[in-house]
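Only one chain is shown below, in structure tokens, and it's the form predicted alone.
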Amino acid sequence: MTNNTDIHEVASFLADYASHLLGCGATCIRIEKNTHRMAEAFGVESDISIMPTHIYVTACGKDASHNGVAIRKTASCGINFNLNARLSRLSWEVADNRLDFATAVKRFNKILETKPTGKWEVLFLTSFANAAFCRLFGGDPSAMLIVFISTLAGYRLKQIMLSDRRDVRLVFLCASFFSAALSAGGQLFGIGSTPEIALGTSVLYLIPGVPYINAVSDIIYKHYLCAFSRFADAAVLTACLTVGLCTGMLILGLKWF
């Protein structure tokens, strides 16, 4: 890169790339490594600052005579492992195959056009997975069926509310309450021999595991601000699903202990 325009274009591209990685659930260390890997392949030096809601990227030529700065807000694409993997693969393709800048931008835009997994597939797979968790904790077939149905209904409610752009905290509270109220039928009507396990596992699909894991990774690599932000977000969502679960038990008159 030999002029200001090129440097600014690279900085903008790297900022867009990093913001989408952060938005889809990548750890800070992965964002740093992937971004620096591509910057080096483009022949520029880069510096990146990762904030909970923004990305700051500085790019400069080898002689430091030209530089560019780009700031991007974290992309709102939700946790997406497919997008995460594709973006990470792009950084290796740029580094290993020495892709030129224009080709890298085209591939990046094409990756962003990738359609997410179908909502019905996610709905049923999540329900089966939660029923498997119920079995893992000792639930009988009746409890597994109850968990499958309550997860199916609660997750569908979550999808509908998120598509209507409801606050995610309210979404978690309502979905948890709905699933808990349905799964409580096992205890109310004496269905199966492990109805308490069905009730306890009916809301596990709402546990924000990725933010918790990423928070630990960010602490290890000294990204304390992002780590605290992710942990706080996950803790708030956990509290919301707990309130929904307890409210359902309280309304239906179930004993807590």
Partner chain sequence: MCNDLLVNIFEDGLFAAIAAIGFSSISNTPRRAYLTCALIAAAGHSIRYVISLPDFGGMNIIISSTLAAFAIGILAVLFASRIKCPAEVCFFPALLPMIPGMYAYRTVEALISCLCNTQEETFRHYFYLLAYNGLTCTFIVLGMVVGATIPVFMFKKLSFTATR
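Numbering follows the first chain given and starts at 1. Everything quoted here is computed from the prediction, not taken from an experiment.
Below: the form predicted together with its partner chain, not depicted.
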The one option of Asn67, Ser217, Ser229, Ser193 with any heavy atom within 4.5 Å of its partner chain in the predicted complex is Ser217
Sole residue of Asp167, Asp164, Asp100, Glu121 within 4.5 Å of its partner chain in the predicted complex, by heavy atom: Glu121
Looking at its partner chain in the predicted complex, is some heavy atom of each of Ser88, Ala132 and Leu204 within 4.5 Å of it? yes
Gly61 near its partner chain in the predicted complex, any heavy atom under 4.5 Å? no
Might Ile111 be said to contact its partner chain in the predicted complex, defining contact as any heavy atom within 4.5 Å? no
Its partner chain contact in the predicted complex: Thr27, any heavy atom under 4.5 Å: yes
Though only this chain appears here, would Ala181 touch its partner chain in the predicted complex if you measure heavy atom gaps against 4.5 Å? no
Within 4.5 Å of its partner chain in the predicted complex, counting any non-hydrogen atom, which residues from 137-166 show up? Phe137, Met144, Tyr155
